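Okay, so here's just one chain, in structure tokens, the form predicted alone.
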């Protein structure tokens, strides 16, 4: 017999007004992805530690029972697994099967483990939700769709994002989070050293 007991607090920390907060969170995430380098604030959820608020809101907005999710490193703990399971019912899977993956950049590496889509179905790529200690408009230079000239964004590294862009239209998309802040880095974005 399997123990199905949830961690203490698994039922807490979700949206108080799910329809409104989900819509607000979804709009903010779309804005971040459509304007790479722009940092948005996400609030309304209180996920268990060590998942930051922005990553928790993204999980509540983007995951459901048909969305395979991978948790890496410190986020792969009972409290976070149970919280995601209770609030989204998303199946927890290995990296190669994930549609979304949550973790620190070092824990998600090597990123080649994640789906990049296929020539016929480039949309079947993973989105990496990266937890960072710093997220600001300094560092790497970003160019491409949705950016007026250039933008700057602190990234955990540059080489992997440049290699990912070279795969376009294939490649993974990235949401970077720090506390309640989130920025998007779609695969179409060109990343250059500062």
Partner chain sequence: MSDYNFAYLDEQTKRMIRRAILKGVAVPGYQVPFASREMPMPYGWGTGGVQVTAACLTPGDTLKVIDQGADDTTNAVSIRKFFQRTAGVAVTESTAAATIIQTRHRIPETPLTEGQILVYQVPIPEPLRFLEPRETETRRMHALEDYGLMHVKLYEDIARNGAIATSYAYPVKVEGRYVMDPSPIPKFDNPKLSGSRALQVFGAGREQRIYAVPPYTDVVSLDFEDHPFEASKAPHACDLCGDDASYLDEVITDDSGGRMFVCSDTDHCAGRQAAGHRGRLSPQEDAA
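Note that the structure is predicted; figures quoted are calculated from it, not measured. Positions refer to the first chain, counted from 1.
What follows is about the form predicted in complex with its partner chain, which we do not show.
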Handout entry: Heavy atom of each of 19, 119 and 188 within 4.5 Å of its partner chain in the model of the complex
Key = yes
Practice task
Find the only residue in 45, 135, 140, 63 having a heavy atom within 4.5 Å of its partner chain in the model of the complex.
Solution key: 63
Practice task
Give a yes/no on whether residue 154 approaches its partner chain to within 4.5 Å in the model of the complex, heavy atoms considered.
Solution key: no
Problem - Residue contact check: residue 126 to its partner chain in the model of the complex, 4.5 Å heavy atom - result: yes
Handout entry: Any non-hydrogen atom of residue 33 within 4.5 angstroms of its partner chain in the model of the complex
Key = yes
Handout entry: is_contact(residue 163, its partner chain) in the model of the complex, heavy atom dist at most 4.5 Å
Key = no
Practice task
At a 4.5 angstroms cut-off on non-hydrogen atoms, which residues of 68-104 are near its partner chain in the model of the complex? List them in order.
Solution key: 100
